[in-house]
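Quick heads-up: it's one chain on its own, the form predicted alone, in structure tokens.
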Amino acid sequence: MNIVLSLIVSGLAISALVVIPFAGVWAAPFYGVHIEWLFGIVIPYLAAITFFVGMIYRVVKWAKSPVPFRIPTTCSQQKSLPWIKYDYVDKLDNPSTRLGVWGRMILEVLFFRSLFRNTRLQYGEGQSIKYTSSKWLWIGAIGFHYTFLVVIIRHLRFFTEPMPFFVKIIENVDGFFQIFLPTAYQSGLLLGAAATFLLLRRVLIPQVRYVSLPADYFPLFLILTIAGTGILMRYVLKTDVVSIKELTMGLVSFSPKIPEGGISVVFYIHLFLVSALFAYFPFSKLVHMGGVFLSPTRNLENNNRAVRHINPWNPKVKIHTYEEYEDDFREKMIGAGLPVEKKVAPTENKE
């Protein structure tokens, strides 16, 4: 799909997600309609249900998928004969034991090890090609994911009472570079910067732009808009945090109610966008968060030379052994001059 069309489709979708709560919370009261409960209670609950049911469905579907072959992706020496070198690097890149798989998965999930080792093909002079490092992609990806995690953990202060100690520690570390009031959290700014980098990479690099679809741009636009409305609430419009806490605590305790003092329309836009992200998550590429643990290219040992992999989903087949075949056709085989393993016992003449 054309890059311009993809950007327009994604931008229109985000604009619609902003206009819907704006019209419902800000414009509707002018006509005597108050539906804050829809955007503050009903939609968040529906989004949470969709997220958990969708994630369970995807995980169960993946778990039930057959794995006919042992197909781990490897890039190192497989364990073989004793005199062939097989060191600690090989045990992580080409694991032959369950412990090695766990080590590989930990490095993959926490540090994006395969992406760290990723290379990029470039054309040199004439017909020559070369492979260069792609560390900027790794920096942008790991910065995006970890800042997103920090933002989510910080938001636990709205859903817990008393606030867990680790949330307070992360808040203090995240806001240590305090210049403004309220405290400027680095995670929010870095999240926006990392998402912008990933978006610009899709737009500016021709090879990546060629394979990008609206489904690749939409999540980035959505996350950038969520971060933007969050920054707007905290540093510009000064939304009532006490009222937000009252609403969120009511949601988690299943006794929701809209605060009497009301909350600004920007908060409802922010909440609606977050709800849209949660509902969209299980049906998008973002679901790789759970899929990485169920990928046979990652979670299997590469021990084909030591253990025979038998697909547990293979249907039971009634076999006909050679011994049974020979018993059925022995006389005919002997008559045709074919060799047999078991001779026919001579018959005795009885008078």
Partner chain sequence: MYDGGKIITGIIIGLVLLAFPIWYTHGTAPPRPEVKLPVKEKQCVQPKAYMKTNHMQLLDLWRDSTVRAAKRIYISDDGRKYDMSLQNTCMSADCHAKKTEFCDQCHNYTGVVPYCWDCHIEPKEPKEKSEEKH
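Positions refer to the first chain, counted from 1. Superpose the two forms; the largest set of C-alphas matching within 1.5 Å is the rigid core. These numbers come from a predicted model, not from an experiment.
Not on display, but discussed next: the form predicted together with the partner chain.
Proximity to the partner chain in the model of the complex, taken as heavy atoms within 4.5 Å, picks out 237-245 from the listed stretches 268-276, 237-245, 192-200, 138-146. Within this chain, P164 lines the site of the partner chain in the model of the complex, having a heavy atom no more than 4.5 Å away. Residue contact check for L46: none of its heavy atoms lie within 4.5 Å of the partner chain in the model of the complex. The partner chain in the model of the complex comes within 4.5 Å of a heavy atom belonging to E171.
In the model of the complex, F254 approaches the partner chain with a heavy atom inside 4.5 Å. Each of F51, I56 and S65 is positioned with at least one heavy atom within 4.5 Å of the partner chain in the model of the complex. Along 263-282, no residue reaches a heavy atom to within 4.5 Å of the partner chain in the model of the complex.
Remark: with the core as the superposition reference, the CA shift of W313 between the shown form and the other one reaches 2 Å or more.
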